[in-house]
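This document starts with one chain, in the form predicted on its own, laid out as structure tokens.
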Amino acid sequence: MSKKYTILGIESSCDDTGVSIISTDGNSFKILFEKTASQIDIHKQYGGVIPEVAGRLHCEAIAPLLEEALSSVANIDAIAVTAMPGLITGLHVGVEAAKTLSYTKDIPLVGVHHIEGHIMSPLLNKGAAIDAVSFPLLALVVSGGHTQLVHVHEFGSYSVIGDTRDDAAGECFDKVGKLMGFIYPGGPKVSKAAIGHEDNIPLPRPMMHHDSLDFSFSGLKTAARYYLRDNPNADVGDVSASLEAAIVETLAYKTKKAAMQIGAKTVFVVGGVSANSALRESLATSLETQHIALIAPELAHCTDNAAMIACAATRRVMHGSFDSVSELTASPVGMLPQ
């Protein structure tokens, strides 16, 4: 029987304070504890995440969550914490909490790249296992802060082959949603408003046919802004449907192009925007013609969560590759492991 590892995960890179404990044999994953303290009700008053406010709220939430987690599961083999990238105010809280716990309880520590956590998130699905994933693998990471195409050579080794040159897709959703009067976060409300409406407003598909695999959504955001300015009585549902169609079509086209370039057998779509049903449907239809499997996380694990961070630390835990308490630091930027 394979050795089982119990890993505690901590996530605090933006506006969610997450703590989770998973059990794994290195192939499949079982969640033993999971809880997230959301800050949305606070930040929606400001129309977006305020880093200083987020940091203070992480400070308030982290200790009670850790206490509850540790009282429910004994014998932790390792602590995994998001160390990069993200809002430095939140990252500091999570990293310092993890280092303190590691030092006082003599538990090994692993710093995790936030995007690697998202890439691993579909492995938390019921019945999922690493040995069931067919390579080559492409990951579309799409959220409020990131829009990337990542060639996953193997779990733990990544190459970013497409990136946003300005705004992320989720940021475009949120900011145009704000222009239409939706309370933060606007993205899910845009998608809801789009139901039953048509893509009948000529919004651009930026860089869709560009030679590179990069994205750009600032021009789309600006075009939507000018349309709303010039058409003050525009139907919000039609604008929402047209915006969603422009984003989804661009993401699906570029993803299929990237998948064919690397000969992908599987595509993971991950991150907060991966919860968008129109995106999932468009990707599935597009990739099916090339016999490429599409896998997305369960909805609960599309947004930031600590279980994915614990999952991403598994390989290093199994190999005994840990970080020093004195040397691990939080960073707002950082490259994925090569």
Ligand code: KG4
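Position 1 is the first residue in the sequence shown; the rest follow in order. Computed from a prediction, not measured in an experiment: that's the story for all the values here.
Keep in mind the form predicted in complex with the ligand is missing from the figure; the text below concerns it.
Think of it this way: in the predicted complex, the ligand has a heavy atom of just one of 170, 111, 117, 94 within 4.5 Å, and the residue is 170. Of the residues 255, 143, 148, 240, just one reaches the ligand in the predicted complex with a heavy atom at 4.5 Å or closer; this is 143. Not displayed here, the ligand is kept clear of residue 294 by more than 4.5 Å at the level of heavy atoms in the predicted complex.
Contact between residue 302 and the ligand in the predicted complex is found at the 4.5 Å heavy atom cutoff.
Taking the partner from elsewhere, residue 37 is found to have every heavy atom lying beyond 4.5 Å of the ligand in the predicted complex. Residue contact with the ligand in the predicted complex: residue 185 places a heavy atom within 4.5 Å of it. The candidate spot formed by 164, 214 and 250 is out of contact with the ligand in the predicted complex: none of the three has a heavy atom within 4.5 Å. Exactly one of the stretches 94-102, 201-209, 231-239, 187-195 approaches the ligand in the predicted complex with heavy atoms within 4.5 Å, and it is 187-195.
Interface residues of 257-290, taken as those with a heavy atom within 4.5 Å of the ligand in the predicted complex (partner not displayed): 271, 272, 273, 275, 276, in sequence order.
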